[in-house]
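The chain below stands alone, shown as structure tokens; this is the form predicted alone.
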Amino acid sequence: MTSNGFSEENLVLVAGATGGVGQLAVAKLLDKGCKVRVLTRNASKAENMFAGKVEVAVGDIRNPETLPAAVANVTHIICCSGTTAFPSERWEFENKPNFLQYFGLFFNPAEAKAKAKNSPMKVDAQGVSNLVEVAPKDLKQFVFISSCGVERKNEFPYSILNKFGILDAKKQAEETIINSKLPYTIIRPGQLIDGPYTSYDLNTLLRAKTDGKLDVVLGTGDQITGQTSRIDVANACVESLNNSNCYNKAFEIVNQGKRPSVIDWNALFEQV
């Protein structure tokens, strides 16, 4: 039995496992002795990254026919899948734009979303819906990483963040999960900081980080704003598993204030 009350029969599927938060979540699960299966489009990348310590399922949440084998016999799902808020290489344009074309797309969101194979609506909304649809009916918990601002899409700075529909897509995914009747936990981080950096954006260039010096603050009702360490998002995902204080709840997570020597996750979850 692990520290989160897992037994040998439990199997956690991590979607988006090779992304920044996903890598950290898998590492945390393995550290706790959990059995892990990762859902990936690139088997060799996942096998090299996790050194044979996980089961590897090849699939794509955008293609529902690739998912049934990945979810077979899983007891928990952590969905870390997502794309960037603004057009980037991760949007997987059929014809890769040059710099001037990328610049032009910023002034034409409709064109950008139409040409992208990996836009927020295709990944964060439809992809998550596909994963929910095939999830086992007796799933113990579906953990989803959403975003601060989903309830404040028309307020600055979230109105800028949502220019290409990232918050619309996240909110749609939240509603799909809630309406599925699966036990769920929705985690809404602020601007993601700290590595691993897997997207080439402004945050990557700035290498924004907490240096481990900021406390973890949770909130509900989408009232708080701030930056959030990928490390703490991953920890929240794993620590919420099998925690009754987290069932069927959505909460925000940011880093603020002086960090204590140990984060008491259970005490934080009890507050929400």
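Keep in mind that this is a model prediction, so the values were computed, not measured. In case it trips you up, residue 1 is the first one in the sequence shown, and so on.
One more form of this protein, predicted together with a small molecule, exists but is not displayed; see below.
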Exercise. Is there a non-hydrogen atom of residue 61 within 4.5 angstroms of a non-hydrogen atom of the small molecule in the model of the complex?
Worked result: yes
Exercise. Is there any non-hydrogen atom of residue 170 lying within 4.5 Å of the small molecule in the model of the complex?
Worked result: yes
For this session: Report whether the minimum heavy atom distance between residue 116 and the small molecule in the model of the complex is within 4.5 Å.
Result: no
Problem set entry | residue 140, heavy atom within 4.5 angstroms of the small molecule in the model of the complex | no
For this session: Please determine, with the chain shown alone, which of 174-182, 70-78, 102-110, 121-129 has non-hydrogen atoms within 4.5 Å of the small molecule in the model of the complex.
Result: 121-129
